[in-house]
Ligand code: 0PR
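Read the single chain below, which is given as structure tokens and is the form predicted on its own.
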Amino acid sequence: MWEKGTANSIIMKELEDASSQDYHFCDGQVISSMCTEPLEIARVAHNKFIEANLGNAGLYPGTLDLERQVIKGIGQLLGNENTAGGILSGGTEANITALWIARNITGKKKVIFPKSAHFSFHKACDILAMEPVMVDLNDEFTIDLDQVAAKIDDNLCAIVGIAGTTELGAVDDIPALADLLPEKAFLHIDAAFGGFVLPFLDDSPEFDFSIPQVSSITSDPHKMGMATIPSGALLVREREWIRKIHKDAPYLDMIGQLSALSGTRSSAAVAATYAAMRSLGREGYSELVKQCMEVTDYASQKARKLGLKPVMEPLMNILCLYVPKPRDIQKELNKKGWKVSVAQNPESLRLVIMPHVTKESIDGLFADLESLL
């Protein structure tokens, strides 16, 4: 700890120095992240609610009402405006909380999920002492339904389906998983990325609450929702399910608001999400997704001209390409200022085409990529 206080001018200079070492979305060279620049109104809203804590919601009735409106709005996008839920720190907390609820309701511990699932499900099973059962993917890089069927038994708590895998953007066959689901087991959908993309595509696969067996959905506003970090939404079909993880805290100003993993909850994220959703509306999000898909298609065409084959035709704004020695190419592109990632299954160069990635960004990236092939 510093012994004495420091002048604001010095502190700001130190902060500027630190920020200058970071990569920034506005440069158009970060093509590996599922996050992007939040809307300006989301930034303003975030700052306005910076001191609010929905962990003690009795002090913040206005903010609590904003959260209810946000959850209703996301629910409308995902096929059911009457769901319950809240804004958490992100997809990881939402996925952990979903399995926590499922475990407490079913009294069982077995969780089936595909190898494409986010690492948060391994965290959840570790924290909650649940049994993780991973199954392979089929030729379309989605969950192998035959393996799921073979793993189902009387100890099953939940099946997890992915609506927009982190690596490839693939979407599992959720209706087929629903058909396999035993009575009283949960079907959780991780749409952390897909939740603000799939509803705005012309030919979106079914994945949401319109499927009666879907129990809960994770969707991250701080990704394609254009809100500030951190903002992750968890929605559950039945309001009373949330009571299954409730813990009383009598010293707070409102009893019954701690049905979440974290005690302190960022109200700034709620306000930012509300501002982004109100500012864009369905029309704005549709246009945003359309633009991202156009740039994704542009990148795919550039790749094909270089003789590079996509791992799969992009369903969403993620493009993975078979390239020789992708780790080496990633390192070389990094030297040139480009932040791209490498998917593992299968090993390939992974590009995430967020709103800050333009056709000009793609031109620059592929010019440097061509020099490395």
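Don't overthink the numbering: it's just position in the shown sequence, from 1. On a predicted model such as this, the values are computed, not experimentally measured, just so you know.
Heads up, the form predicted in complex with the ligand isn't pictured, but that's what we're talking about next.
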{"item": "Proximity to the ligand in the model of the complex (heavy atom, within 4.5 Å), stretch among 69-77, 141-149, 280-288, 118-126", "value": "118-126"}
{"item": "Triplet Ser33, Thr92 and Gly164 all within 4.5 Å of the ligand in the model of the complex via a heavy atom", "value": "yes"}
{"item": "Exercise: Asp172 in contact with the ligand in the model of the complex, heavy atom 4.5 Å", "value": "no"}
{"item": "4.5 Å heavy atom contact, Lys223 to the ligand in the model of the complex", "value": "yes"}
{"item": "Ala192 within 4.5 Å of the ligand in the model of the complex, heavy atoms", "value": "yes"}
{"item": "Partner contacts in the model of the complex for 273-293 (non-hydrogen atom within 4.5 angstroms of the ligand)", "value": "none"}
